[in-house]
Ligand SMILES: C[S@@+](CC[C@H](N)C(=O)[O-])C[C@H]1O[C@@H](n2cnc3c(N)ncnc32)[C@H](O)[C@@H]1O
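One chain comes next, on its own, written as structure tokens: the form predicted alone.
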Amino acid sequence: MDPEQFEYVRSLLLERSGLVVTPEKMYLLETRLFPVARRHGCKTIEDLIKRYREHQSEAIAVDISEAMNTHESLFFRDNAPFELFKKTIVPELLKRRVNKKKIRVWCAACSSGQEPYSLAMILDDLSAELAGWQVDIIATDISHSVLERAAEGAFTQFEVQRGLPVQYLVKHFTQEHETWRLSSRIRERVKFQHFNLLSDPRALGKFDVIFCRNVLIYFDLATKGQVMDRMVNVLAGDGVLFLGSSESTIGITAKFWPVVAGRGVYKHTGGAPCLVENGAP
């Protein structure tokens, strides 16, 4: 792939998905796009790019974007946010939402579903406390193919060994040959939906908790700020935003502020969250 073609694809990815691909990642671009080229009947990546530029094929653009997005995920990743959700946030929301009896959670960039299913298993543990409540988990991703796989709730032996406590494996999964199938009771707690984080999320509705972990690291600073600023519009005033433990809003947006509860946990700068504040201005 010559520099001009690389720049064209780089710009396409930035525009469509916010993904930043630097020149040293050209090898990764070539590795991931070759199967896309073959799928569209092209002998080379150069032929694929030429076909897209000539016909502006939406199918090719979607496949290029999906091929380049990283779909790394595991159950109960970095466990601390899930403990906080179970032991602090849900109990506090039960007090604050007692009149509405409704809680909504958004898992953005949910990949193959381990994060929202981890939350669904926690909520299953709290079924007695949540009796009579409506709890929605909306899980979104830019990739149609990964959402289809997530909705199936089928995972490999390797995937269930990554972070999933054995008691949950025994309680909620059934082995089917080389696959572990999640129970329908847990799968039905999660609604999967296609969504691009570069879009306006207000059509998704308001949320009490947003998980947007380990995805903004692939965006440039301007795009990170735009995504976070849009999330303010759909997060309840006392809601909580979870980012990855290595991610921060500092220097990116003034609309979120960290709280004492743990790394990667944020609130509205003007709101009163379900957690202790950490020196908010």
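It should be emphasised that the depicted structure is a prediction, and the values quoted were computed from it without experimental measurement. Residue numbers here begin at 1 and follow the sequence given.
Absent from the display: the form predicted together with the ligand. The rest refers to it.
Residue contact with the ligand in the model of the complex: S111 places a heavy atom within 4.5 Å of it. In the model of the complex, I89 stays away from the ligand, with no heavy atom inside 4.5 Å. In the model of the complex, W180 stays away from the ligand, with no heavy atom inside 4.5 Å.
In the model of the complex, Y168 stays away from the ligand, with no heavy atom inside 4.5 Å. With respect to the ligand in the model of the complex, the three residues E72, R213 and Y218 uniformly fall within 4.5 angstroms at the level of their nearest heavy atom. Site annotation in the model of the complex: the residue of I186, L123, I137, L197 reaching within 4.5 Å of the ligand with a heavy atom is L197. Distance criterion of 4.5 Å from any heavy atom to the ligand in the model of the complex singles out I142 from the list V190, V209, I142, L119.
The stretch that touches the ligand in the model of the complex, counting heavy atoms within 4.5 Å, is 103-111, out of 159-167, 103-111, 90-98, 200-208. Contact residues in stretch 3-20 (any heavy atom within 4.5 Å of the ligand, taken in the model of the complex) are limited to S17.
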